[in-house]
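The chain below stands alone, shown as structure tokens; this is the form predicted alone.
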């Protein structure tokens, strides 16, 4: 019994140390967001002397023309929400068809999806830009510098992991449920949207949070497609506008980073119960 208590104490101490290590960068952002530039340069590890500095920094950010927080927030929200709905719906449909359709091509197509998880984004950066330009030349529809261009790219990069997650979950759903629905007169689309999709709720929420954090915080992909200084800017691109070549306003930069991170933190806190359930539901049959 004593050995178990010692192991439990060691585990709790180790967990507490890990919590401090992982939470330390975020605490530094909070502390330094409540300082002015002089305090940050003098001692970035010290506690803030005046918490009202965070309020003043936020007010100054909201009034800055080079960041336009509300417009950037709106573009980030539109891109994230539309991308997540499209990724979730299309990936769930694709995974369902791949699981229920047993042909020699279904396994190949599934492996094709999985290959998208192992290819680094840096490898396809330049081909992606050229592909968008080629699509404009063929269709006449501009994709670079547009919201729908970014959304289309996010659907492509977010689908492999989502299909993989849905695939494993759908395999644990008994076929009898779908057969009973078909006997009752449901069409294929009704079986999916009325039977399968509600069952997928835990893994669907998990997929939304995982992809949502990545899409909301992403900087490189919007930079490639939208560019800096254009009319369409996401929050990470707008935050980067505060970093000058000769001057860096650290108080405003860190405050804007905190303001951009708050929506994702709130989303994670509300959805963490579904995330844990989604991670474990498909593991046990």
Partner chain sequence: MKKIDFKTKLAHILLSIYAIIVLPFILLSKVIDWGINIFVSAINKDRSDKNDGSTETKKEIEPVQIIKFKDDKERSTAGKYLYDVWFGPSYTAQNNRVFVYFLLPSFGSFILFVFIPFINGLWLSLTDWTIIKTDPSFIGLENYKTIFSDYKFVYSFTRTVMYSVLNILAINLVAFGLALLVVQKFKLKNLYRAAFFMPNLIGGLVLGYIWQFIFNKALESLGGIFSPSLITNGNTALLGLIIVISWQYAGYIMMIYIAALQNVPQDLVEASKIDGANAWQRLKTITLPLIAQSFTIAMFLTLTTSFKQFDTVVSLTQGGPATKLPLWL
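The model shown is predicted, which means the values in this text are computed figures rather than measured ones. So that the term is clear: the rigid core is the largest set of C-alpha atoms that superpose within 1.5 Å between two forms. Numbering follows the first chain given and starts at 1.
The following text describes the form predicted together with the partner chain, which does not appear among the structures shown.
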query: 155, 210 and 230 each touching the partner chain in the predicted bound form (heavy atom, 4.5 Å); finding: yes
query: Residue (of 136, 171, 194, 148) lying close to the partner chain in the predicted bound form, criterion heavy atoms within 4.5 Å; finding: 148
query: The partner chain contact in the predicted bound form: residue 40, any heavy atom under 4.5 Å; finding: yes
query: Residue 270 within 4.5 Å of the partner chain in the predicted bound form, heavy atoms; finding: no
query: 4.5 Å heavy atom contact, residue 45 to the partner chain in the predicted bound form; finding: yes
query: In the predicted bound form, residue 166 touching the partner chain (heavy atom, 4.5 Å); finding: no
query: Stretch 20-35 - residues with a heavy atom within 4.5 Å of the partner chain in the predicted bound form; finding: 22, 23, 24, 25, 26, 28, 29, 32
query: Core superposition between this form and the one not shown, C-alpha change of residue 42 at least 2 Å; finding: yes
query: Cα displacement of residue 226 between this form and the one not shown reaching 2 Å, rigid core superposed; finding: no
query: Exceeds or equals 2 Å, Cα of residue 31 between this form and the one not shown, core fit; finding: yes
